[in-house]
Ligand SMILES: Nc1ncnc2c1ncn2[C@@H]1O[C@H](COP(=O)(O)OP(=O)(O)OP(=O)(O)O)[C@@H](O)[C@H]1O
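The chain below stands alone and is given in C-alpha coordinates; this is the form predicted alone.
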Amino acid sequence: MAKKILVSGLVNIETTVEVRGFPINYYPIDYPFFGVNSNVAGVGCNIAKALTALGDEVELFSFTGNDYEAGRIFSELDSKGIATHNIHRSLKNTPTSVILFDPEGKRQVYCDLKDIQEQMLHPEDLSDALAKADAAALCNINFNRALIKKARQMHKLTATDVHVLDNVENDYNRDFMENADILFLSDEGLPCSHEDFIRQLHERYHNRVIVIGMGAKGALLLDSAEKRLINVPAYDKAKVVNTVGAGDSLYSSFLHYYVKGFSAEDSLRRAVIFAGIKIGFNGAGVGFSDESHIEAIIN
(Lines give C-alpha, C1' and ligand atoms only; values in the text may rest on other atoms or scores of the structure.)
Protein backbone atom coordinates (compact mmCIF):
# COMPACT_ATOMS: atom_id res chain seq x y z
CA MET A 1 0.00 0.00 0.00
CA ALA A 2 1.37 3.41 -1.00
CA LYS A 3 2.41 5.68 1.84
CA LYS A 4 1.21 9.30 1.94
CA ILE A 5 4.00 11.83 2.36
CA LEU A 6 3.53 15.58 2.63
CA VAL A 7 6.41 17.42 0.94
CA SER A 8 6.97 21.15 1.32
CA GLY A 9 9.91 22.97 -0.23
CA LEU A 10 11.48 24.81 -3.13
CA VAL A 11 10.61 24.21 -6.78
CA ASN A 12 12.63 25.98 -9.44
CA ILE A 13 14.14 25.93 -12.91
CA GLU A 14 17.70 24.60 -12.78
CA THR A 15 20.40 25.02 -15.43
CA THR A 16 23.48 22.81 -15.18
CA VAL A 17 26.72 23.78 -16.93
CA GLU A 18 29.64 21.40 -17.36
CA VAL A 19 32.97 23.19 -16.85
CA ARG A 20 36.52 21.97 -17.45
CA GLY A 21 37.48 22.20 -13.79
CA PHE A 22 37.69 24.42 -10.71
CA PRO A 23 38.88 27.11 -10.41
CA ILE A 24 37.48 28.32 -13.72
CA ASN A 25 39.96 30.15 -15.93
CA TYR A 26 38.65 33.09 -17.91
CA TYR A 27 37.89 32.67 -21.59
CA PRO A 28 35.28 34.61 -23.57
CA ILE A 29 33.37 31.59 -24.88
CA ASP A 30 33.33 27.81 -24.59
CA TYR A 31 31.38 25.09 -26.41
CA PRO A 32 30.53 22.25 -24.00
CA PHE A 33 28.37 20.27 -26.44
CA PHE A 34 25.43 18.74 -24.54
CA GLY A 35 27.01 20.17 -21.39
CA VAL A 36 24.34 22.81 -20.73
CA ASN A 37 20.93 21.50 -19.66
CA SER A 38 17.80 22.93 -18.08
CA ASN A 39 15.39 20.96 -15.88
CA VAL A 40 12.57 21.41 -13.39
CA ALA A 41 14.12 20.87 -9.96
CA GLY A 42 14.46 22.44 -6.50
CA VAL A 43 14.73 20.43 -3.29
CA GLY A 44 10.97 20.06 -2.80
CA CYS A 45 10.49 19.05 -6.41
CA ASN A 46 13.38 16.56 -6.32
CA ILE A 47 12.00 14.90 -3.19
CA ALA A 48 8.48 14.74 -4.63
CA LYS A 49 9.76 13.20 -7.88
CA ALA A 50 11.93 10.64 -6.07
CA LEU A 51 9.15 9.55 -3.69
CA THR A 52 6.67 9.31 -6.56
CA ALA A 53 9.10 7.17 -8.57
CA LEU A 54 9.39 4.85 -5.56
CA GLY A 55 5.61 4.50 -5.37
CA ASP A 56 4.57 6.92 -2.64
CA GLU A 57 1.56 9.22 -2.76
CA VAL A 58 2.90 12.78 -2.52
CA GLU A 59 1.18 16.04 -1.64
CA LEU A 60 3.51 18.91 -2.60
CA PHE A 61 3.37 22.45 -1.20
CA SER A 62 5.46 25.29 -2.65
CA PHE A 63 5.50 28.71 -4.35
CA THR A 64 6.26 29.93 -7.88
CA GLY A 65 5.76 33.10 -9.86
CA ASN A 66 2.95 33.54 -12.36
CA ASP A 67 5.25 33.30 -15.36
CA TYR A 68 6.47 31.05 -18.17
CA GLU A 69 8.83 29.14 -15.87
CA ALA A 70 5.95 28.32 -13.52
CA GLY A 71 4.00 26.92 -16.44
CA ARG A 72 6.92 24.66 -17.27
CA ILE A 73 7.10 23.46 -13.66
CA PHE A 74 3.36 22.70 -13.54
CA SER A 75 3.54 20.81 -16.83
CA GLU A 76 6.48 18.71 -15.65
CA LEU A 77 4.86 17.86 -12.31
CA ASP A 78 1.59 16.96 -14.03
CA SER A 79 3.47 14.59 -16.32
CA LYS A 80 4.94 12.82 -13.25
CA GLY A 81 1.55 12.46 -11.57
CA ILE A 82 2.35 15.04 -8.88
CA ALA A 83 -0.60 17.30 -8.02
CA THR A 84 0.02 21.05 -8.31
CA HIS A 85 -3.03 22.52 -6.57
CA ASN A 86 -0.99 23.33 -3.44
CA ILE A 87 1.64 25.33 -5.32
CA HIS A 88 0.89 29.04 -4.99
CA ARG A 89 1.77 31.39 -7.88
CA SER A 90 2.35 34.35 -5.58
CA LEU A 91 6.06 35.11 -6.14
CA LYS A 92 7.28 38.03 -8.24
CA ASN A 93 9.20 35.50 -10.35
CA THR A 94 9.85 31.77 -10.22
CA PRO A 95 13.12 30.80 -8.48
CA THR A 96 15.99 29.70 -10.70
CA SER A 97 19.43 28.19 -10.19
CA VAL A 98 22.63 27.64 -12.13
CA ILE A 99 24.94 24.78 -11.20
CA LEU A 100 28.49 24.48 -12.50
CA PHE A 101 29.97 20.98 -12.32
CA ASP A 102 33.25 19.43 -13.43
CA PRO A 103 34.18 15.89 -14.61
CA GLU A 104 35.24 14.92 -11.06
CA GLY A 105 31.79 15.64 -9.68
CA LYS A 106 32.61 18.89 -7.86
CA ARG A 107 29.91 21.53 -8.16
CA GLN A 108 29.20 25.17 -7.50
CA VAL A 109 25.59 26.29 -7.05
CA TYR A 110 24.04 29.71 -7.65
CA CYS A 111 20.45 29.66 -6.33
CA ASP A 112 18.22 32.69 -6.89
CA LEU A 113 15.26 32.25 -4.55
CA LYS A 114 13.54 35.48 -5.71
CA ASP A 115 11.10 36.46 -2.91
CA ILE A 116 10.25 32.95 -1.69
CA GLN A 117 11.87 33.51 1.72
CA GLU A 118 9.24 36.19 2.39
CA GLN A 119 6.32 33.76 1.92
CA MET A 120 4.40 31.93 4.62
CA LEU A 121 2.41 28.72 4.89
CA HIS A 122 -0.22 28.81 7.62
CA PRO A 123 -0.06 25.52 9.56
CA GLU A 124 -3.75 25.61 10.41
CA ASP A 125 -4.51 25.41 6.68
CA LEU A 126 -2.44 22.22 6.40
CA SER A 127 -3.78 20.40 9.46
CA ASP A 128 -5.96 18.05 7.41
CA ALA A 129 -3.13 17.26 5.00
CA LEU A 130 -0.77 16.58 7.91
CA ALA A 131 -3.34 14.39 9.64
CA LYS A 132 -3.70 12.20 6.54
CA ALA A 133 0.06 11.93 5.89
CA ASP A 134 2.28 9.11 7.11
CA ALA A 135 5.23 11.51 7.24
CA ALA A 136 6.15 15.11 6.49
CA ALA A 137 9.29 15.92 4.47
CA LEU A 138 9.84 19.60 5.21
CA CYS A 139 12.71 21.44 3.57
CA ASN A 140 14.73 24.01 5.53
CA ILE A 141 13.11 27.04 3.96
CA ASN A 142 11.44 29.90 5.84
CA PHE A 143 7.85 29.05 4.96
CA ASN A 144 8.26 25.66 6.70
CA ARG A 145 9.34 26.96 10.12
CA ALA A 146 5.88 27.04 11.66
CA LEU A 147 4.83 23.95 9.71
CA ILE A 148 7.51 21.65 11.12
CA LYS A 149 6.57 22.74 14.64
CA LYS A 150 2.93 22.00 13.91
CA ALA A 151 3.79 18.58 12.48
CA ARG A 152 5.80 17.75 15.59
CA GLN A 153 2.93 18.86 17.84
CA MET A 154 0.64 16.51 15.90
CA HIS A 155 3.12 13.64 16.54
CA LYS A 156 3.69 13.29 12.81
CA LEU A 157 6.95 11.72 11.64
CA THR A 158 9.02 14.72 10.52
CA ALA A 159 12.09 14.72 8.29
CA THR A 160 14.34 17.51 7.10
CA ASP A 161 17.68 18.02 5.37
CA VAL A 162 19.71 21.00 6.55
CA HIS A 163 22.39 20.41 3.90
CA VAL A 164 25.51 22.22 5.16
CA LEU A 165 26.29 22.91 8.84
CA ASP A 166 29.35 24.45 10.44
CA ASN A 167 28.15 24.11 14.04
CA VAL A 168 25.33 22.48 16.01
CA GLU A 169 23.88 25.85 17.06
CA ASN A 170 23.34 27.09 13.50
CA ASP A 171 20.77 29.89 13.87
CA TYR A 172 19.07 29.47 10.50
CA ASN A 173 18.51 25.73 10.90
CA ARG A 174 17.73 25.49 14.61
CA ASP A 175 13.93 25.33 14.16
CA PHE A 176 14.35 22.43 11.76
CA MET A 177 16.89 20.52 13.82
CA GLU A 178 14.82 20.87 17.01
CA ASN A 179 11.67 19.49 15.41
CA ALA A 180 12.96 16.74 13.10
CA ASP A 181 12.63 13.07 13.91
CA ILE A 182 14.86 12.34 10.90
CA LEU A 183 17.73 14.77 10.28
CA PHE A 184 19.95 14.71 7.20
CA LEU A 185 22.98 16.82 6.32
CA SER A 186 26.09 16.81 4.15
CA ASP A 187 29.64 16.46 5.45
CA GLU A 188 30.76 19.56 3.56
CA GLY A 189 32.11 22.18 5.96
CA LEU A 190 31.97 20.11 9.17
CA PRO A 191 34.14 21.62 11.94
CA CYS A 192 35.27 18.22 13.29
CA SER A 193 35.13 14.53 12.51
CA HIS A 194 31.90 13.00 11.22
CA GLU A 195 31.59 10.83 14.32
CA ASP A 196 32.09 13.69 16.77
CA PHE A 197 29.69 15.99 14.93
CA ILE A 198 26.86 13.47 14.63
CA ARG A 199 27.14 12.73 18.35
CA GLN A 200 27.06 16.46 19.14
CA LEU A 201 23.90 16.84 17.06
CA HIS A 202 22.21 13.95 18.85
CA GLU A 203 23.18 15.22 22.30
CA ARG A 204 21.78 18.64 21.42
CA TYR A 205 18.56 17.72 19.54
CA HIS A 206 17.84 14.04 20.38
CA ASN A 207 16.67 13.23 16.84
CA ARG A 208 15.47 9.67 16.24
CA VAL A 209 17.76 9.26 13.21
CA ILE A 210 20.64 11.38 11.92
CA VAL A 211 22.42 10.75 8.63
CA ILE A 212 25.50 12.53 7.30
CA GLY A 213 25.98 12.12 3.56
CA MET A 214 29.67 11.72 2.74
CA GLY A 215 29.66 11.57 -1.06
CA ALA A 216 31.99 8.89 -2.43
CA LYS A 217 32.59 7.65 1.15
CA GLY A 218 28.93 6.74 1.60
CA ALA A 219 26.90 7.83 4.62
CA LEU A 220 27.14 7.77 8.41
CA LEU A 221 24.02 6.83 10.40
CA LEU A 222 23.21 7.44 14.04
CA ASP A 223 20.17 5.38 14.99
CA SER A 224 19.06 6.31 18.50
CA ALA A 225 17.12 3.04 18.81
CA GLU A 226 20.27 1.02 18.16
CA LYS A 227 22.51 3.44 20.09
CA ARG A 228 25.35 3.03 17.60
CA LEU A 229 27.01 4.57 14.56
CA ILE A 230 26.82 2.73 11.26
CA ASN A 231 28.94 3.44 8.18
CA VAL A 232 27.25 2.51 4.90
CA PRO A 233 29.57 2.55 1.86
CA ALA A 234 28.58 4.33 -1.34
CA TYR A 235 27.18 2.44 -4.31
CA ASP A 236 29.94 2.68 -6.90
CA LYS A 237 28.65 0.48 -9.71
CA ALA A 238 27.22 3.37 -11.76
CA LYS A 239 29.09 6.07 -13.68
CA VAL A 240 29.21 9.47 -12.01
CA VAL A 241 27.94 12.19 -14.35
CA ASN A 242 26.75 14.95 -11.99
CA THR A 243 26.50 14.75 -8.20
CA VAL A 244 23.97 17.58 -7.85
CA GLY A 245 20.83 16.25 -6.20
CA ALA A 246 22.59 13.26 -4.64
CA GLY A 247 21.72 14.43 -1.15
CA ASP A 248 18.05 14.92 -2.03
CA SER A 249 17.96 11.39 -3.47
CA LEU A 250 19.62 9.87 -0.41
CA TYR A 251 17.23 11.66 1.91
CA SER A 252 14.00 10.97 0.04
CA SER A 253 14.72 7.29 -0.63
CA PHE A 254 15.72 6.75 3.00
CA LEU A 255 12.42 8.29 4.08
CA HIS A 256 10.50 6.09 1.65
CA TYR A 257 11.91 2.86 3.07
CA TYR A 258 11.83 4.01 6.68
CA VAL A 259 8.15 4.94 6.47
CA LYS A 260 7.47 1.51 4.94
CA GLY A 261 8.84 -0.09 8.09
CA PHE A 262 12.44 -0.92 7.18
CA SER A 263 15.06 -0.38 9.87
CA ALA A 264 17.18 2.75 9.65
CA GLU A 265 20.19 0.71 8.52
CA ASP A 266 18.30 -1.22 5.84
CA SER A 267 16.68 2.01 4.65
CA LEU A 268 20.07 3.68 4.29
CA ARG A 269 21.60 0.71 2.47
CA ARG A 270 18.87 1.03 -0.15
CA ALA A 271 19.14 4.83 -0.19
CA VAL A 272 22.84 4.82 -1.10
CA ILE A 273 22.03 2.62 -4.09
CA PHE A 274 19.19 4.94 -5.14
CA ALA A 275 21.50 7.98 -4.87
CA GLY A 276 24.39 6.16 -6.56
CA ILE A 277 22.26 5.40 -9.60
CA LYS A 278 20.80 8.91 -9.68
CA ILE A 279 24.19 10.66 -10.05
CA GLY A 280 24.69 8.84 -13.33
CA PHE A 281 22.26 11.42 -14.77
CA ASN A 282 22.76 15.13 -15.45
CA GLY A 283 20.48 17.24 -13.26
CA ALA A 284 19.04 17.21 -9.75
CA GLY A 285 15.50 16.42 -10.89
CA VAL A 286 16.20 13.40 -13.13
CA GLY A 287 17.48 9.82 -12.82
CA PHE A 288 15.19 8.37 -10.16
CA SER A 289 14.89 4.56 -9.95
CA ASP A 290 11.85 2.59 -8.90
CA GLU A 291 11.63 0.18 -5.99
CA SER A 292 11.94 -2.98 -8.09
CA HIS A 293 15.28 -1.77 -9.50
CA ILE A 294 16.67 -1.14 -6.02
CA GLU A 295 15.47 -4.49 -4.68
CA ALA A 296 16.98 -6.31 -7.65
CA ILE A 297 20.38 -4.83 -6.80
CA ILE A 298 19.98 -5.55 -3.06
CA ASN A 299 19.11 -9.17 -3.81
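Small disclaimer: the values here were computed from a predicted structure and weren't measured. In case it trips you up, residue 1 is the first one in the sequence shown, and so on.
One more form of this protein should be noted, the form predicted in complex with the named molecule, which is absent from this view; the next part is about it.
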Discussion item. So, a 4.5 angstroms cut-off on heavy atom distances: do all three of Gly9, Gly42 and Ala48 pass it with respect to the named molecule in the predicted bound form?
Written reply: no
Fill in: Among the candidates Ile73, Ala151, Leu138, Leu185, the residue which, in the predicted bound form, approaches the named molecule to within 4.5 Å (heavy atoms)
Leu185
Worksheet entry | Selected contact from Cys192, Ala225, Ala131, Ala216, since only one has a non-hydrogen atom within 4.5 angstroms of the named molecule in the predicted bound form | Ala216
Fill in: Contact of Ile230 with the named molecule in the predicted bound form (heavy atom, 4.5 Å)
no
Worksheet item: How about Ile13: is it within 4.5 Å of the named molecule in the predicted bound form, going by heavy atoms?
Response: no
Worksheet item: Quick one: does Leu255 come within 4.5 Å of the named molecule in the predicted bound form, counting heavy atoms only?
Response: no
Worksheet item: Does at least one non-hydrogen atom of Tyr235 fall within 4.5 angstroms of the named molecule in the predicted bound form?
Response: yes
Worksheet item: What stretch, of 140 to 148, 216 to 224, 92 to 100, 199 to 207, brings heavy atoms to within 4.5 Å of the named molecule in the predicted bound form?
Response: 216 to 224
